[in-house]
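Presented below, as structure tokens, is a lone chain in the form predicted alone.
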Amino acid sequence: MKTIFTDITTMDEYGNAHTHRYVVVDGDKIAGIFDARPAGRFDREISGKNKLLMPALYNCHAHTAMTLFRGYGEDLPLQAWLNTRIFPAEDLLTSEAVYNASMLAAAEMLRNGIVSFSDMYFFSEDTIRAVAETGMKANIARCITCFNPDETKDTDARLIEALALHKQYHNSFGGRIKMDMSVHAEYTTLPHAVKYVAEAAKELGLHMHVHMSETESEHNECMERNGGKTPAQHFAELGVFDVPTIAAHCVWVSDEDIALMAEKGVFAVHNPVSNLKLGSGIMPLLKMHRAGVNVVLGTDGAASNNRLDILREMNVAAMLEKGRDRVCDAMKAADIIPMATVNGAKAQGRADCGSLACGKKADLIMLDMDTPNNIPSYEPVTSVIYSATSADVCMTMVDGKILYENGEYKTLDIESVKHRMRDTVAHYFDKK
């Protein structure tokens, strides 16, 4: 399939924009970006009038099937939310429920311009099935917890399952699926288990996915348990940072933690909406940016965010830095774009993705800039961060295939997905 976008405004992964461009997609790659229409025949021509073409978005921290719990535990701090609502509800999870919830999440993300996500959860095969069917990309991690001091790598059923998933699915479906390793958090995983999971990741060349310093109590209690070591120092000592690691939240990290993360190449996942909603705090984004930490964006689960919308995370991340530090130009709109695109691709180990450049994978989104909220648009980069919403996404393309366009899904039956999700909620969860 050879597609040409004609007379369109383009914006790359660093916010650089150009008008009246012609972009050719051939197969799964971007074949050319031109100032004038190139010669040749094309299977499809897409008009770029009043449209913006940019790299698609990455959601680097999600619990995808938690769409099932959207609105289920509101206005609660993290620990009360987990212990009184989420953990009891998760005890009722089934394979079918996770699949249906993952399909709904995929539909929401594709509608919002997200082509790939990093998932940490359970029933991983059912989320993998949803990703495979919809044509999305994902890094899937079977979340590992351990409270048993006698557990070993040979007896840990969660690790055994994670290793089996790696063997069967890593780089499957044309590389769209990648398997990561994961420990849930310091407070849910004993040190010896953290160490053997990290060793397995290093041996297999896999990435790690962890929660880290999400709340002040988590951060301080870790120091009390571990001789003054912060979660970052704890994970580093146990070998987690010896492999590429995405660390979600990082709200309460110290200056020493930030320096350590920069040194080790840790990807810090900023989840501004979820952290605000749970009252957890605000990641020190500007400090991380200045220290050279690779920052990416995530939504967390829909239970703590309610929406899987990276465009909203981009906007909130930009606004928070201005409001907290009362410095409006410390981080500019162009600083946010890489967090949602090329940095996200790097965090997932997808070196050929995340960019609007020749030879890269054709993972692209098109935004309608002819909507009332986007007129006028003096600078596309500031329009994307401050004016645009997910409602302006009119096309999402993965590996050169259009998966969503103008309200139509190409790989899923949205009415069936919604029906199955409502049926799942009715049968499995008490909402009283």
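Residue numbers here begin at 1 and follow the sequence given. None of these values were measured; they are calculated from a predicted model.
Here the subject shifts to the form predicted in complex with a further copy of the same chain, a form of this protein not shown in this document.
Q: Want to guess which of 337-345, 355-363, 224-232, 274-282 is within 4.5 Å of a further copy of the same chain in the predicted bound form, heavy atoms only?
A: Going through the listed ranges, the match is 274-282.
Q: Residue 151 versus a further copy of the same chain, in the predicted bound form: is there a non-hydrogen atom within 4.5 Å?
A: Outside the cut-off, so no.
Q: Is there a heavy atom of residue 156 no more than 4.5 Å from a heavy atom of a further copy of the same chain in the predicted bound form?
A: No.
Q: Contact with a further copy of the same chain in the predicted bound form for residue 315, defined as at least one heavy atom pair within 4.5 Å: yes or no?
A: Yes, residue 315 lies within 4.5 Å of a further copy of the same chain in the predicted bound form.
Q: Against a further copy of the same chain in the predicted bound form, would residue 203 count as a contact residue? Criterion: heavy atoms within 4.5 Å.
A: So residue 203 does not count as contacting a further copy of the same chain.
Q: Can you pick out, from 332, 192, 129, 287, the residue that has a heavy atom within 4.5 Å of a further copy of the same chain in the predicted bound form?
A: That would be 332.
Q: May I ask you to choose, among 185, 146, 177, 76, the residue with a heavy atom within 4.5 Å of a further copy of the same chain in the predicted bound form?
A: The option sitting close enough to the partner is 76.
Q: Does a further copy of the same chain come within 4.5 Å of a heavy atom in each of 71, 319 and 387 in the predicted bound form?
A: Yes, because 71, 319 and 387 each have a heavy atom that approaches a further copy of the same chain to within 4.5 Å in the predicted bound form.
Q: In sequence order, which positions of 400-426 have a non-hydrogen atom within 4.5 Å of a further copy of the same chain in the predicted bound form?
A: Sequence-ordered list: 409, 414, 415, 418, 421, 422, 425.
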